[in-house]
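Form predicted on its own, single chain, as structure tokens, below.
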């Protein structure tokens, strides 16, 4: 592994920590810790808004969803951006006018209700936790290719650094970290997009000459005694499994081992040179005594003409043609042993190595070897992608196999016409699910606690409005870039169907280690900034809302800040645990859940407080409680959670995955009914003091 990514990663972490310690003096007072003193410039705050909002979901998750599902993935970008319209015209100035440090401050400004303080604080904690999960999952996904560490190690690193940031300098440090990484992320995403356009399209993408293009093979086979025996003598039948109604056959083949410049053993497969990391002594022991060392840690070694070889065992899907001929089609696989060893097509590889697939088999009707476009403009790129004569090979899960202590994930190619890829329908086949998601994204943005508290960092209502406009421009431009990066991953052979979150970093790696290291380090900084904001929001809810204002504990400013720091530590630990539990799920998809909870629990209370004079404190409390419980409860019985439980998603109680279409209206209805039933002059915001 190159040392450059490690050096750059250390540099970014050191820069963030240096900034944190430099700004620590601004976190001595309560206002300094929770709101950066309220003196952040609106321009800085606008880019910090973008840095806060362009989380792991935006960079890793959305690019992965676009690579997986084309235009349907981009709909997440549209939904995320549209929510800022609500923030601009409804929330920005009132939040600054009503609030002080937290979301609960604004809701409770006209009531002084202990119920609102508690309900709003609990809602903040739940939404923050829902949003923290995908950020930590994204951190774990990034660390593997960047540093060669495990998912758990990545989550621990992020958790530790963020806890240090928040506990040391609070919102001041968080703001400038978000400003820095937000601006740099947009700049280098633009650089990556320009590089992608200059490369253009190819039917045999070789990542700029860094990797030979590999065409998956098909072999005729004979059925002998129920076994599928390939007619190609270089492949040997090993075993077979039925997976989701299809027959998958494992074939083995000997591949000669070579050596790299450092003397480590390597082999060639799919045009990639794979180092057999950690096997040097094992292979030499095998050469000295083959009969004792044939099977070592799951890798099978052999001799051929006196030279060391490794036995690779790829999976092939059986197809029976109309004339009765049997053909085996080579498929991709990623496996892990019970001991945690990683295998690509049954070959041992380092943990940072990824399965990389996808290409355009036809470019505007032209197919075959060597078809290239050369550099294309941004509009030409989209025109080629959307052409009905363009065909993209997407790779989709085919099922899993358990064999001899291995868990093997299988993937099959799915040819998709360009115009199909660039229109809705690949992911959102259930229109109700799509509408529910868009409602959550549209209404959730203006109700996210870590977004709302940023309005308290600027000095005036006008500054709050201006910073929102800057955020909309920066975020909108970035989301346009996600379209190019996501589509670029699928046509450049840098899409890993086992972990779609890595689409953008793997695309960057195809242009060399420098841009890969910068993009990955920035993505890691993106996680740091967003998690910092979330933990600030959560610690404020605990220290300021629950312990100070709800419980009535008499604490001075120093004590409140210290309690906030302790709360940040506790929330950070919980986030680390959840990040490990939800490993492997697409972070963009997970964030959709956080938006649904925020839109259901918080936004109805904000809107009705601002625009309906009959809103009461009890109505707000009931709305928050019902919205939170409904959203979380519906998520727990959704098809995606059933799959997480190991159950059949088709048997889930809820037929769709996004709860917003039910939980958001329910929250509004409850607020109206309870407010009408509890009309008292002492509770009405129009008459209360």
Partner chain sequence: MSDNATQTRDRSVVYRTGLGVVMFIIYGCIYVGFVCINIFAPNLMEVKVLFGMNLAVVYGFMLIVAALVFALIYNWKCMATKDTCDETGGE
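Keep in mind the model is a prediction, meaning the values are calculated, not measured. Positions refer to the first chain, counted from 1.
What comes next is about the form predicted together with its partner chain, which is not displayed.
Partner proximity in the model of the complex, defined as non-hydrogen atoms within 4.5 angstroms of its partner chain, places exactly one of 149-157, 335-343, 465-473, 537-545 at the interface: 465-473. Taking the partner from elsewhere, residue 461 is found to have a heavy atom lying within 4.5 Å of its partner chain in the model of the complex. Within 4.5 Å of any heavy atom of its partner chain in the model of the complex lies no heavy atom of residue 232.
Under a 4.5 angstroms non-hydrogen atom cutoff, its partner chain in the model of the complex lacks residue 268 among its neighbouring residues. Its partner chain in the model of the complex is not approached by residue 252, whose heavy atoms all lie more than 4.5 angstroms from it. Of the residues given (223, 300, 382, 577), 382 alone sits with a heavy atom within 4.5 Å of its partner chain in the model of the complex. Of the listed positions (392, 515, 608, 483), a single one reaches within 4.5 angstroms of its partner chain by any non-hydrogen atom in the model of the complex, namely 483. Along 415-440, residues 419, 422, 423, 424, 431, 434, 435, 438 each place a heavy atom within 4.5 Å of its partner chain in the model of the complex.
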